[in-house]
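There is one chain below, alone, in structure tokens, taken in the form predicted on its own.
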């Protein structure tokens, strides 16, 4: 039996997660079937059912594949790091169709505890780098507000206005957070 770190196992898991994510993004929850994932990934149905017995197992790994998205590498400069991480989020929304993924998670999480767990893990992983950047700010409620404001600005703009915020809006939001952080420290 192959070990979990075996390159073949890693490749299979990566291929299947990517196929499941592609299907979710293009066809939604109803398209995410073992047969569709098998066909799209090039693996047998038996392999898919063996390692991902339920649709939620496929969805969990599909959304975990998003965790591989690039984030900004911190420099130690608060403004540069916040700007870079927010820009990474914008890029993910536009280039990786994160907007579709977030929409599906938000909708399905309303009626499914399993999807709520996937959403919570997904959001925590996505917000993690921004939260780490804001760790230097002493008040936890300010860190929370800053994270929600910066992430919310991007999410609202993309989902509700159909476009990502431009660089001047992004810079202004980061400046608001930094000026607030200075008031708090």
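The model shown is predicted, which means the values in this text are computed figures rather than measured ones. Residue numbers count along the first chain shown, from 1.
If you look for the form predicted together with a further copy of the same chain, you will not find it shown, but the lines that follow are about it.
- The closest heavy atom approach of residue 138 to a further copy of the same chain in the model of the complex falls outside 4.5 Å.
- Using a 4.5 angstroms limit between non-hydrogen atoms, residue 160 touches a further copy of the same chain in the model of the complex.
- In the model of the complex, none of the heavy atoms of residue 9 sits within 4.5 Å of a heavy atom of a further copy of the same chain.
- Put simply, residue 173 is close to a further copy of the same chain in the model of the complex: some heavy atom of it is within 4.5 Å.
- Look at 44-52, 31-39, 144-152, 58-66: in the model of the complex, residues with non-hydrogen atoms within 4.5 angstroms of a further copy of the same chain sit in 144-152.
- Interface residues of 113-137, taken as those with a heavy atom within 4.5 Å of a further copy of the same chain in the model of the complex (partner not displayed): 119, 120, 123, 127, 131, in sequence order.
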